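In structure tokens, the next block holds one chain alone, the form predicted on its own.
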């Protein structure tokens, strides 16, 4: 009950938003590290995708740990969105007074930007999962390795990002995520009471590095594929793969994490 009362307060909701945001930032850091395996070639990124499903399989079963991670991230995302919605509604009901007009306007602009970017990011996450995880939406051929039933990461990424508008969607989404993380990380330090005149410069720098670093890490993949800096898959690698059957269930997982 004490936790519930704490959550019902404005401070409690801000802490929950900060903690769930930190969980998702941690996931993004791990995700971008995984994505960067593509720099070392098709075999490296494909092997990494398999490793994610076999790591600690003796405890969680094949792919079990990945589902645990998905459940944690999914729960954090849902709680994050719900809590932000409740916090916005609570703040509007309170009708805060006493703030300087410029400060209040800035809060409105930042809050509106965060809300809009959050909605667009949610839409992108759904699209990303349906494209690269389930293969439900595949504007380009979704290749599945018949030996393990998994989507072939390198080939699927290469073919998708040869299409300019798909690459553009991903780069644009990464820019939104970068903006969202900058404001979110900065707000997180304030929400948990760590803001201090002597430390604020450092915290703001951390927010900038996080947002720019994640943007560059994620956006570089579609850009490098589209510009052919990352080479096409070898012909014999494509030959041994099997495009997903349109009439079958798109059950092959492609993306390393999602």
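Everything numeric here is computed off the predicted structure, so don't read it as measured data. Positions refer to the first chain, counted from 1.
Although not depicted, the form predicted together with a small molecule is the subject of the following passage.
- Within 4.5 Å of the small molecule in the model of the complex, a heavy atom is found for not a single one of 6, 17 and 83.
- Only one of 185, 160, 76, 177 comes within 4.5 Å of the small molecule in the model of the complex through a heavy atom, and that residue is 177.
- Only one of 28, 42, 207, 230 comes within 4.5 Å of the small molecule in the model of the complex through a heavy atom, and that residue is 28.
- When the small molecule is considered in the model of the complex, residue 124 lines it closely, a heavy atom lying within 4.5 Å.
- At least one heavy atom of residue 153 is located within 4.5 Å of the small molecule in the model of the complex.
- Contact check for residue 211: no non-hydrogen atom falls within 4.5 Å of the small molecule in the model of the complex.
- None of the heavy atoms of residue 117 is located within 4.5 Å of the small molecule in the model of the complex.
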